[in-house]
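First comes one chain, alone, set out as structure tokens in the form predicted on its own.
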Amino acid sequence: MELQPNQLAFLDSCGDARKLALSFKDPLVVHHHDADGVSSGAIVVGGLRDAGKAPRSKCIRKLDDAAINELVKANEREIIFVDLGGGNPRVNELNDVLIIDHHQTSGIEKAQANPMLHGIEGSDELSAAGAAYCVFRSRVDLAVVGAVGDIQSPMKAMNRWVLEQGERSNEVRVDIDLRFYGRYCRSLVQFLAYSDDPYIPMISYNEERAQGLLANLGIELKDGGRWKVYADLKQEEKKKLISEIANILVSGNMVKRANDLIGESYVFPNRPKNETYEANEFSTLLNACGRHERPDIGLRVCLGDESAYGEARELLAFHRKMIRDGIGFATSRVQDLGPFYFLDARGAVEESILGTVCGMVLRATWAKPIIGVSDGENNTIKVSSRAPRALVAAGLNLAQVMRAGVEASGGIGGGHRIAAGASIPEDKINEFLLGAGKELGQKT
């Protein structure tokens, strides 16, 4: 694709950012804990190592005052923030700082490589991992993983340019296939039963019915003693399965969802054929590591340390169980509060997966966003919000909604138009919801 002037200006700023990063003698890389944060952190750590540096890394859930105070106390002199930093003006109190971020930003005086400063939307046109790639121009597969993990696929705009660099270097391959999660790593039954985008009536979250559908189509579940995965199927078997799923969706008056069954999938030919081979699966693996207190494992996997795979898979299995349990809890407990749907998951869903659960409960047909709350750290409440794409296209900005809630209650909040979050005092939930509701333009 041909780059526009604002995109070229952003790449120029990334060149300046790289020079600054390589000037640091003892850099600390501080990155977020989700898939985009871990993959972008790995790009930065790997890029610094390639240049002969020995960076240290630190993963955090949020860059709040406590995190800033800890960095000040440790007298950190050279810090590279990745997938965060642009939203807290207190970074101005620190010494030498570089920020590689893609969130909405204001009041920051430190150097930034941020697409938002160049008219490139960070919520769907470039991820933090994509920004990190633009700075270091290495590990483009991780840039794709970060974008997919940040729900920015199919790729467009600057993400598309990054993807094209990966195709050109043969580090990324684009397949057109069934869009369900787990084509290479889930057994066929779990592949059908737990892929809910789109939700398949009578099949999603029902392993017995999923197994029955496969049996009716004459598709064998095992190859010898090994459970087969979707990628093992012959082309004719894939066509039969896709056709049957489409028929179910059409019968359920879900014609548009049937049309969306086939789409782009991003594969990494140079990675082993495990959970790191395909972008959706890789991003979920990183989420499992980061959200369950082992981002270091995810970072090592990103950088090719095969000894980390075993523990990463164990974290993934635990992560999947927690999400299934969280969705089971949330499905019957979403309340309609007028301007938004509300999920009170305190005591039931851990804050580390609250956003994932909200995103999976969200339906594309909803005419308003969902806001969920869970127990946070240090007497706080974690807030996560998600919105249907149609609402965002119509002008909804959840980052602003979160900031309005924080202004009414205290705490810190921000994010993207389509997905945002906050951390608030535990006794201020009503004030937060009233502020968020007011920003949405209605009374709660």
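Don't overthink the numbering: it's just position in the shown sequence, from 1. Predicted model only: the values in this text are computed from it and were never measured.
From this point on, the text means the form predicted together with a small molecule, which you will not see here.
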* Structure fact -> Interface check vs the small molecule in the model of the complex: of 376, 27, 47, 415, the one with a heavy atom inside 4.5 Å is 415
* Asked: Is residue 435 one of the residues lying within 4.5 Å of the small molecule in the model of the complex, judged by heavy atom distances?
  -> no
* To do: Verify the contact flag for residue 369: yes if a non-hydrogen atom of it lies within 4.5 Å of a non-hydrogen atom of the small molecule in the model of the complex, no if not.
  => no
* Looking at the partner-bound form in the model of the complex, is residue 355 within 4.5 Å of the small molecule by any heavy atom? -> yes
* Asked: Is residue 103 close to the small molecule in the model of the complex, meaning a heavy atom pair under 4.5 Å apart or at it?
  -> yes
* Asked: For the chain shown here without its partner, which stretch in 406-414, 65-73, 388-396, 39-47 has non-hydrogen atoms within 4.5 angstroms of the small molecule in the model of the complex?
  -> 406-414
